[in-house]
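First come two forms of one protein chain, each written alone as structure tokens, so that there is a structure 1 and a structure 2.
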Structure 1
């Protein structure tokens, strides 16, 4: 049984600029599984927003194949099951948050009875219960993102597509949006979001796809991607006399000794230590991997060389 909510195969898109056509997406392929948080990562201009506009049916593509819930993007079945927050959403600022959700809900064909029940629930979910009756013009950037997510959730969609939902927010605002995204997964939703803010994506994503110059250069679970570039190993010891550590690269953290070394040197280091002392305890031996941000910087350096 196919568990994919989104399937893209050999997707290509170009735009005419003057007399020439510029290719924006170079035959990219990816899938989004049900009930996962997928981070679509890349620098500005990499092709993230173009991809999202295709997935939501706002933009046609040149070649390839795209399916959302098994149908072409933009078809009624896909639209009904998808909630979308664009990178720069437009709000009627003279309306209150409640009035804005009421207005958009009616555009979707929801009746007053359903909206009176749904809107307070949404305002509670996005933590705008106390601001629901305030004019949107008074909202902070974080509050605007949250009312935008409430709007995306108004039809209780199975899929949320969020374009750069963390951009322009302070640390508190980013945490609030990350919490909202994670809560949606717990409610059984699938979340696809684009971002260039890597540490935030690292905290909440099940899988990521990294796009650069219109090409997907890596896709998969974060832990597998980061393990590809193990920088060194850490040997953590306890109850060892520091006099036996001569010549080793180590630091003391509390009552533990941390030795950083190459994988091929682990066995010889431990053999040497046991010859000098056998009273110490090995707490852990583990790889010291890149963070997502460090990995991303290295990848971009390689691509630009």
Structure 2
């Protein structure tokens, strides 16, 4: 037995448009391990939602092999252990938030007693404690997103599949949902989510995959991906005589000197400076921050060329 919750091998999917078939996913492969938070990124129309619908059994696929908890996606065994938030979730407008959770909770096999305990807890977590008694028809965009997240959590699932969970939420809401996702991981759960909000994704993902035109063009641990691209470091010094900096690439900001250099040169530069002078202070040595967003834009640019 391996540790993979989701396995996709050479997954392909096409849609019929009129008489023609259009390929949407071209043989994509990825694995999601237990207890990881996986961010599924890609521009609009890349195929994220299509992949997610296959993983949840809403769509069939043409070829390849997909397993969720070791069975075909959409099989009861997999559905029992999965919580799902669709993109722009829709709910029965005739129900209140509470009634809706009661409805899906029962479909997950929970009894009245368990629901009486669980639903108020969930409504509290997603901050819909009062709104829970109101018809869903009256909910705002963000409230719909919140009730959708509560719904995904109703059966305390092993795996959460969330299609753009952070969309439509205000900054505090996003923080709360990020904390919640993180909390799930700490409790040994696995999270697969798609997002366009990269700074947020960057904060919580263990690994990311980037899909573009139906192909996975990058996949890997977030820290490695970002490290791969770190090209320069900044050394920030104080109290140093500019004369000793001869030949170095530096700028002066206030009373601090910022030297930009490569990782392998840091040591020799510092040695050199200590030989010439000994009363300066090292404020900080840090990699030039390279965000997921910058990385993402860059690889898409490469692909487009």
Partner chain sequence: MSRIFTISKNTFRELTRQKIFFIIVLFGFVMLFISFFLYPLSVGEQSKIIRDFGLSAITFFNTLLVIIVGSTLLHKEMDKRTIYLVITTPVERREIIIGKFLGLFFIVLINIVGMEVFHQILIFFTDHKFDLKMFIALFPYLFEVSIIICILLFFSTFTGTLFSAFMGFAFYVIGHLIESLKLFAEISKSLFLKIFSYFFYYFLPNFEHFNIKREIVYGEIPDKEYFIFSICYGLIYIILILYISSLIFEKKEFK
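From a predicted model like this one, the values you see are computed outputs, not experimental measurements. Positions refer to the first chain, counted from 1. Here, rigid core means the biggest group of C-alpha atoms that superpose within 1.5 Å across both forms.
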Query raised in the report: Is structure 1 or structure 2 the form predicted in complex with the partner chain?
Result: 2
Query raised in the report: Core-aligned, is the CA shift for residue 283 between structures 1 and 2 2 angstroms or more?
Result: yes
Query raised in the report: Core-aligned, is the CA shift for residue 86 between structures 1 and 2 2 angstroms or more?
Result: no
Query - Core-superposed C-alpha of residue 270 shifting 2 Å or more between structures 1 and 2 - result: yes
Query raised in the report: So, with the core fitted, how far does residue 254 move at its Cα between structures 1 and 2, in angstrom?
Result: 8.0
